[in-house]
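Before any questions on binding or motion, here is one chain by itself as structure tokens, the form predicted on its own.
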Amino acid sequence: MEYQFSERVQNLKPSAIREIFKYAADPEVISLSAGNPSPEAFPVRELAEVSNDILTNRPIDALQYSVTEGYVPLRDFLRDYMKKTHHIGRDFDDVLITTGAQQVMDLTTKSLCNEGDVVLCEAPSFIGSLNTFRSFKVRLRGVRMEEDGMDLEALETALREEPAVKFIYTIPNFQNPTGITMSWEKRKAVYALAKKYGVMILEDNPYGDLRFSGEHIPAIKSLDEDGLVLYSGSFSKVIAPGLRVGYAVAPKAVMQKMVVCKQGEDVHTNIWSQMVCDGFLRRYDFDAHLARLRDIYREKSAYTMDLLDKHLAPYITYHPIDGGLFLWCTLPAGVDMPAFCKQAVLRKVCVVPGNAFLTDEAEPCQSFRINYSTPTDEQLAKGIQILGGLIREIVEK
């Protein structure tokens, strides 16, 4: 049988990270390539208690069909929590519960974009979102990153040159993959540019609650007086990714279209998972839970950066982080990054090649991403030591 695939998927490639997971499945391989929360971070006992209560006292509510917009008590909680805690949500906004934050990317693109439209993305950016945008046959234009976020001059140039821009995609807090946090001044400037050129902003914030040092910076959505910003949040990094519960805060007119699109995808997000999230948020001290997560990641990230300083300096540099799950490491000029990553795999250490995060994977890239949250301390020490030995072999030979 000769299979004829749709034009939407003909040119899509498997996620580089998911492909690397195939190597990581080898128990001898140290995976520094995942994006998973630390195993210590899961509130297992609490989730078991909530789930047992739901299935004992309200089983039909959890097992029956539900509404597309999401579990009403959870939406009410988020509406109140986001406004009080993050100053997010105006009278023109509403909340939609999604099947993970990844679905927010999908529904936004499906609702706003036609084939050939342009999405402006940070360069580099999260591969999962890039592949979602590509699946709708939009054109991606990368905007280079600086130490405090997107290059504003490059962003305005792109907005001026591209008449078909539908939205700007940004991960302003502890960006995946670079770990960079956009400054408050740049957040205000990005919003002003979006308003000037009449485009929306898709603000993706899965890591914002995982700040373990430095000062909190308000969300771009907190500036939104004009209905320009669609905010994406998730419980994957702060409760459990397996629940697949994310959410969007967006202008009602946009959300109405997202709801219609969602009805054609999955009818509604898993209602049991939504009830578990809602029960956890209401029954336990969520702020105390977040504080515990920050303690875990503060200690683990410091340990990892000490290892990088010890084993990779001076040849490999990295961007220090104040939160999130990733470190962006850059090889010296002249070192073949893809070859380095392949050699690392042969030595039983997996990292993610940086070109996987570019809008054009053929562009030159000297960086790779590592994840510090998933491996044990022993695995981090051994894996980073192996990487250090490899770079020294290459540079000092």
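Note that the coordinates shown come from a computational prediction; the quantities given were computed from them, not determined experimentally. The numbering used is simple: start at 1 and walk along the sequence shown.
Only in words, not in the display: the form predicted in complex with a further copy of the same chain, which the text now covers.
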Consider Gly227 of the chain shown here, and say whether it contacts a further copy of the same chain in the predicted complex, taking contact as heavy atoms within 4.5 Å. yes
Going by a heavy atom distance of 4.5 Å, is Glu69 a contact of a further copy of the same chain in the predicted complex? yes
Since only the chain is shown here, I'm wondering whether Pro39 would be in contact with a further copy of the same chain in the predicted complex (any heavy atom pair within 4.5 Å). yes
Consider Pro241 of the chain shown here, and say whether it contacts a further copy of the same chain in the predicted complex, taking contact as heavy atoms within 4.5 Å. yes
Given that a further copy of the same chain is left out here, which of Thr109, Thr170, Asn173, Ser301 has a heavy atom within 4.5 Å of it in the predicted complex? Thr109
Though a further copy of the same chain is not shown, can you say which of Val335, Leu47, Leu358, Val29 has a heavy atom within 4.5 Å of it in the predicted complex? Leu47
Each of Gly142, Glu185 and Pro314 near a further copy of the same chain in the predicted complex, meaning some heavy atom within 4.5 Å? no
Assert contact_stretch over 363-371, 335-343, 348-356, 54-62 against a further copy of the same chain in the predicted complex, heavy atom within 4.5 Å, equals 54-62
Partner contacts for 264-286, taking a further copy of the same chain in the predicted complex and a 4.5 Å heavy atom cut-off: Gly264, Glu265, Asp266, Val267, His268, Thr269, Asn270, Ile271, Trp272, Ser273
